[in-house]
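Here we start with a single chain on its own, the form predicted on its own, put down as structure tokens.
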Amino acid sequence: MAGGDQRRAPIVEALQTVNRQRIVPFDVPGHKHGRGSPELTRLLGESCMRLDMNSMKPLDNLCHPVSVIREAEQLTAEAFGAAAAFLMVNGTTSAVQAMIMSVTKSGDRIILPRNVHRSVINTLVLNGAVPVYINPGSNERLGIALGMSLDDVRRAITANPEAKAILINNPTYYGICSNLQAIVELAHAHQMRVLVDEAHGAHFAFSPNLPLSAMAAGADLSAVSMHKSGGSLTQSSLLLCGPAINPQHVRQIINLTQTTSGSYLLLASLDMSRRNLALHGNEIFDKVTDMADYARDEINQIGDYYAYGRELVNGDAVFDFDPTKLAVNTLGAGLAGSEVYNLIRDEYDIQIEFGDLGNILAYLSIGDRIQDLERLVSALSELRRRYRRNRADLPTFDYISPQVVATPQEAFYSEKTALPLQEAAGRISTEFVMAYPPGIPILAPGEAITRDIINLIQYSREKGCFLTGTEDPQVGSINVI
């Protein structure tokens, strides 16, 4: 709906209208405007409980929108420069699922970087598509995976001309961007769809000073976490479509996995957040960038820490960098990122996004304040003074290339047995092992378990990383074929 009024929030307006009507509810939810759950109403507030409504004629239906939800999706598409948009209430995981399942089926090949979120490989377990991994570049000093080299993408396409799609992170958790537009052009020249995991790039569409967004680069589908940098409620997300994609087909795919009881609290938050970004996004993210630049400068003056930024850009595997990302390498202070994550939470009441073996990420966005950043900088300075160790005490791990022996679906559903982790070398995993966040697998179903992987899992556990994915919550054993 070109030319829509971005000042409007159709879902919010409809909710407010229904709320004013004081309708007597003989439908779900069963708390009946909060009266049936007084303790929950006291916790969340009467307004929240009254707006927790079910689909009804004035409020439209998320599975088959024809009125206010449809209008909100049209406004969202226009705001993000997409041909169509879908409001998602099962998190960006459901957007990733729908994106991949819309263009691949069992046996189809899909090219993707190994540092994908677990939701990508989970989708391959569900639909049986076959991964073709491109090992991302790596920065040995920082111990982080980078983007995909254009030459590596070209080689993967040449070796797998039957592949249906290629998936790209834009950006990675650390703010690293591949050469998105060049990859899109290359893939389209070989009749491959381009899917973009833009979980951490919702803001890219709203400032010319940020990396290129998926839709601006000509991608076919993009999964966007509005709740991360866009200001909406947790679990609310978007799926964006380019002009070559049939949105009616995508809607059918979405309805395979997304709830039929869409939360109007989540939908309203998407509606209002889109309006806010459309009207004020440029100034908002220019301010966020300025705050991140300030914090980087202050942290780098402390010593030993390295808050990295656009100086990493090399025109290829680091084609661009998201300047709103405040990622800090901690190895110079002799501390694992996971140690800093725990210390800064337990001793300074500061909750950062994650800590891995060598880095932390403080997620900056729409609601941050300069005084909070000053508190973060001060805490990092004190931690260095109190806990600094010799860097040589920390071993470093290079990126471990996966050895794919079976498809994720074949391995996940195969007959399996549990082995102690230390005895599993040479076997094939049927489950994931990943540090969460960021949720990037160390090991995925169908991959060979090597001694290097076992050592990395053990070291991650010792350094306080939160490991998930295995049936054994302690990750002392692992299921193998």
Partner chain sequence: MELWFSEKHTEGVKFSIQVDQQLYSAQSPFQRIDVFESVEFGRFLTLDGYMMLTEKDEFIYHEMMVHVPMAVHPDVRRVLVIGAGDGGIIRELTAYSSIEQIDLVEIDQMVVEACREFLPQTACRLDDPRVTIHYQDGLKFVRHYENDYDLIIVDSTDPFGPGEGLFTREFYGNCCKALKEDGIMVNQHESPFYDVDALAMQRAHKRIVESFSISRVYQAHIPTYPSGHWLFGFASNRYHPIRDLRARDWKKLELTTRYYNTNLHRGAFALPNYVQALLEDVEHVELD
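Residue numbers count along the first chain shown, from 1. These numbers were taken from a predicted model, which means no experiment stands behind them.
Just so you know, the form predicted in complex with the partner chain exists too; it's not on screen, but the next bit is about it.
Enquirer: I need to confirm a contact call. Of Val377, Ala205, Ala187, Ile144, which residue comes within 4.5 Å of the partner chain in the predicted bound form, counting heavy atoms only?
Expert: Exactly one residue meets the criterion: Val377.
Enquirer: What is the one choice in Arg310, Arg389, Arg385, Lys105 with a heavy atom within 4.5 Å of the partner chain in the predicted bound form?
Expert: Selected option: Arg385.
Enquirer: Among 90-98, 369-377, 323-331, 278-286, which stretch has residues whose heavy atoms lie within 4.5 Å of the partner chain in the predicted bound form?
Expert: It is 369-377 that comes within 4.5 Å of the partner.
Enquirer: So, in the predicted bound form, is Glu298 in contact with the partner chain at a 4.5 angstroms heavy atom limit?
Expert: Contact with the partner chain, yes.
Enquirer: Using 4.5 Å between non-hydrogen atoms, is Ile350 touching the partner chain in the predicted bound form?
Expert: Contact with the partner chain, yes.
Enquirer: Examine Ser381 and determine whether its closest non-hydrogen atom to the partner chain in the predicted bound form is within 4.5 angstroms.
Expert: Flag for Ser381 set to yes.
Enquirer: Taking any heavy atom pair closer than or equal to 4.5 Å as contact, tell me whether Tyr294 reaches the partner chain in the predicted bound form.
Expert: Contact check for Tyr294: yes, within 4.5 Å of the partner chain in the predicted bound form.
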